[in-house]
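Before any questions on how it binds or moves, here is one chain, the form predicted on its own, in structure tokens.
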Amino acid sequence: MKQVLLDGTHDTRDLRNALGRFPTGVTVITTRTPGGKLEGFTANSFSALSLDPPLVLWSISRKSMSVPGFVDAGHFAINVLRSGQSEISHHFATPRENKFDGMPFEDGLAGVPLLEGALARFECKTETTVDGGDHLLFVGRVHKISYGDGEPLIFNAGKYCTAVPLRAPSAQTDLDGVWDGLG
């Protein structure tokens, strides 16, 4: 196991590599600015924050040209991608003038674009933003959800993956315990 002291002289690639060992789902976060411009980008920084009230969080690099649009919009959607949607992930991760060209979507709350075929969608109003170093964190109150069955797209160690269920006792009781504060 590689060990690196984060003393300011370290290679940031090592930190990215270590963080990449934690598998995440893949999302596309979307919004519509007050001027009507559609913004969207691929992110794995999405997380549940609270069930009551229903809150989620995500972050965006302060260097992103989309920051002003997300700050001004006041609403956003989290589109959780399915295992067969790695091309959509790549599309929204690639800089381009209009990321929605040729991308089927429907309008959600406040006109926020919702990607067709997503595994789950969370339509949110921005509650607050928080300084997070080189990122800006968004906390959103979830106002509407939609979801279906299927396999999620997963990102781990720089690669797209899918989940393979283990032959083990059900994790449902573990999940229930975490959400009920027993974990």
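The structure displayed is predicted, hence computed values, not measured ones. Residue indices: 1-based, along the sequence shown.
Below, we turn to the form predicted in complex with a small molecule, even though it does not appear here.
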_Partner-proximal stretch of 139-147, 47-55, 153-161, 117-125 relative to the small molecule in the predicted complex, 4.5 angstroms, heavy atom_ = 153-161
*So in the predicted complex, does F76 come within 4.5 Å of the small molecule, heavy atom to heavy atom?*
no
*So, in the predicted complex, is G102 in contact with the small molecule at a 4.5 angstroms heavy atom limit?*
no
*Any non-hydrogen atom of L38 within 4.5 angstroms of the small molecule in the predicted complex*: no
*Would L109 count as a contact of the small molecule in the predicted complex, using a 4.5 angstroms cut-off between non-hydrogen atoms?*
no
